[in-house]
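The chain below stands alone and is given in structure tokens; this is the form predicted on its own.
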């Protein structure tokens, strides 16, 4: 829900992305609306297949046929993204909006040196006047993300770095043009706990230093607790809950969010039992007009057997549940 007193850096309304399947059209992103403010960190949470990544690939114009993307509104820094051609949209990608992919090992080109991969972004977007200038800036970015002996390692290949260092190089590549918005898609995937914490702290430091906004996409609510200002929870292609991070964590207003929290281990309460969410998320395909969490929810009623809208529940929060008020406050 947008604060009417200020203009968001990114505002999206009614975003829908459809892919054909054998069973019929699958709305993998279904009428999703959200915003990201200047300097804000938005945490986007949900299980694999919930539509988190494809939502932002749709915003960036990276969904290719046969996928079809539509939206009522898509504004970035005062520009109407829906009115831009592919060339203009490509100019924004990498320069003003950057994305880090889930797996650095596959996202980085193994046949190209780190220098080539970082400098080509800057040269493509006219952020450096010469190769020497681009290489100097690449060294500075590597130092910024904590790569030891950055100047000496500039001409190394991705396989010569550890998993944590590759993740940092991917972040350095994404930040080479000093974007206003960083989309970090599962930035801690396949990293051990210690390296996870380092990468998340690095993103937080860079956010403060570069004064940029961040979208942190993850399947783990625990990852965003300390990083995000707001949380958007997605399930089966829809936003099911959103609100201030601390309020959502402490007082979930949708059974799915509550289920994610109940399935998380806690160091503070080691004797607390872990309760996994029963069942499985629905497969992509045509969806009946009812609550998509119906088959997994432990609190269903006849009102759940119809399409449930995302509705405000006060305090800048919203939930897609007929029991929203009772779940949050009962």
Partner chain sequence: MRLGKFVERFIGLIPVLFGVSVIVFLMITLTPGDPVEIMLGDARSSPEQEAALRRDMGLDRPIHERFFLFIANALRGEFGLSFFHRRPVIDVIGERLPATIELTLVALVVALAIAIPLGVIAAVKRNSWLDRVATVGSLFGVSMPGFWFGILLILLFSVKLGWFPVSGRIGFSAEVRSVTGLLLIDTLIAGRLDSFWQALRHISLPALTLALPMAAVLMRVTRSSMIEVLRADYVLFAEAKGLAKARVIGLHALKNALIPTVTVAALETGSLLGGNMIVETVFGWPGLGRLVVEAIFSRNYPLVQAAVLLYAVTYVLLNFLADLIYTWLNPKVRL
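Remember, it's a predicted structure, so these values are computed and weren't measured experimentally. Numbering follows the first chain given and starts at 1.
The same protein also has a form predicted together with the partner chain, omitted here; what follows describes it.
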property	result
4.5 Å heavy atom contact, residue 69 and the partner chain in the predicted complex	no
Close approach of residue 120 to the partner chain in the predicted complex, 4.5 Å, heavy atom	yes
Distance check, residue 78 to the partner chain in the predicted complex, heavy atom within 4.5 Å	no
Residue 259 within 4.5 Å of the partner chain in the predicted complex, heavy atoms	no
Of 211, 93, 178, 73, the one that lies within 4.5 Å of the partner chain in the predicted complex (heavy atoms)	93
Sole residue of 107, 223, 139, 245 within 4.5 Å of the partner chain in the predicted complex, by heavy atom	107
Listed range touching the partner chain, judged in the predicted complex by heavy atoms within 4.5 Å, from 276-284, 33-41, 300-308, 61-69	61-69
Partner contacts in the predicted complex for 159-184 (non-hydrogen atom within 4.5 angstroms of the partner chain)	159, 170, 173
